[in-house]
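Single chain ahead, by itself, as structure tokens, in the form predicted alone.
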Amino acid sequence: MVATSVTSRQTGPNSGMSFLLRTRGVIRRFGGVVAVDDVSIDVRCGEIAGLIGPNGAGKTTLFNLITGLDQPDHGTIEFDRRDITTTPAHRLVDLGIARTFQNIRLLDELSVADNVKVACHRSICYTTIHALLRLPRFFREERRIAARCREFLDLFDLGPVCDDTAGSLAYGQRRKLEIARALATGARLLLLDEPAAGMNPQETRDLMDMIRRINSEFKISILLIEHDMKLVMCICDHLFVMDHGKLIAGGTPDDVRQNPKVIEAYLGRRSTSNCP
């Protein structure tokens, strides 16, 4: 099988050093169906990259492979030059990879604040003994985590509802809370699976601004799956296009917009202009 490798803006023999995420020849089969077929992508440090394609193209399956929820049948996945092909999901969080899901996954019975606090476990600096005996370190750390949690909630305009249960939030707020929780893990690579799904135009514009702000303020790389072409064309530095499990194109938004294969497989008459 001939490897399909679509990479972004390499500028020299050592340009790979600036890539945070790399997949090489990744294949995932489910019975007779090849959901991901020999896919190789590179995501640079600090960039916003988009993964687009029609439904059933294999995008979420690739996300699951990158985030340790599934493992490829063939190929390798590297994060910060470390092979993470078989690393389980909870270990990848420790390394700095976090994600959201197409179907929102929150702890609905917990408060908004507690949903974010649970993501701060990596930075906790007290032991079970400190907690059981209510030693000073326990209270100091709890105050620090509460303050950190509040920063993330304020960033997403969720401060006023911090004590509400997550299950009581409006849809757009639930989307924001899931992203806030992912950021609270201390992620260096954030994967967003259809973050604008179900949002109205104003909510989508607000989300677009928020993704730009996250990328700028937190200096993290973002890889997102999205069907809203205005969103991906306006905020992404680089796009990868999948169809039937294969990577059919990659490049800047302008490159992808004009690619005949992409137009035939996916874009068609979709509106891809007029960035807000």
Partner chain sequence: MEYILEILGQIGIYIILAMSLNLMCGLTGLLQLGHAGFFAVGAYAAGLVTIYWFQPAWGYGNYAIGAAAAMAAASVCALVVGIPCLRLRGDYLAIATLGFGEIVRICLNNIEFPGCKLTYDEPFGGATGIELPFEAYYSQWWFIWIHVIVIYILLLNLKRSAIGRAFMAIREDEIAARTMGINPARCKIASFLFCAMFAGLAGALFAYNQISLSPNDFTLLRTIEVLLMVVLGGLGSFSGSALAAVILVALPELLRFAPSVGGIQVSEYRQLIFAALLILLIRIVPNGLLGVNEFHDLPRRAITWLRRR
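Remember, predicted model here, so these are calculated numbers, not experimental data. Numbering follows the first chain given and starts at 1.
Below, we refer to the form predicted together with the partner chain, which is not included among the displayed structures.
**Q** Is there a heavy atom of residue 175 no more than 4.5 Å from a heavy atom of the partner chain in the predicted bound form?
**A** No, residue 175 is distant from the partner.
**Q** Would you check, heavy atoms only and a 4.5 Å threshold, whether residue 192 touches the partner chain in the predicted bound form?
**A** No - in the predicted bound form, heavy atoms of residue 192 and the partner chain never come within 4.5 Å of each other.
**Q** Quick one: is residue 81 in contact with the partner chain in the predicted bound form, heavy atoms, 4.5 Å cut-off?
**A** Outside the cut-off, so no.
**Q** Would residue 85 count as touching the partner chain in the predicted bound form under a 4.5 Å heavy atom rule?
**A** Looking in the predicted bound form, residue contacts with the partner chain do not include residue 85, since no heavy atom lies within 4.5 Å.
**Q** Spot the stretch among 111-119, 154-162, 73-81, 199-207 with residues whose non-hydrogen atoms come within 4.5 Å of the partner chain in the predicted bound form.
**A** This holds for exactly one stretch, 111-119.
**Q** Checking a candidate spot here: are 46, 221 and 235 all in contact with the partner chain in the predicted bound form (at least one heavy atom each within 4.5 Å)?
**A** No residue of the spot touches the partner chain in the predicted bound form.
**Q** If you apply a 4.5 angstroms heavy atom cut-off, which residues in 29-52 are near the partner chain in the predicted bound form?
**A** Residues within 4.5 Å: none in this stretch.
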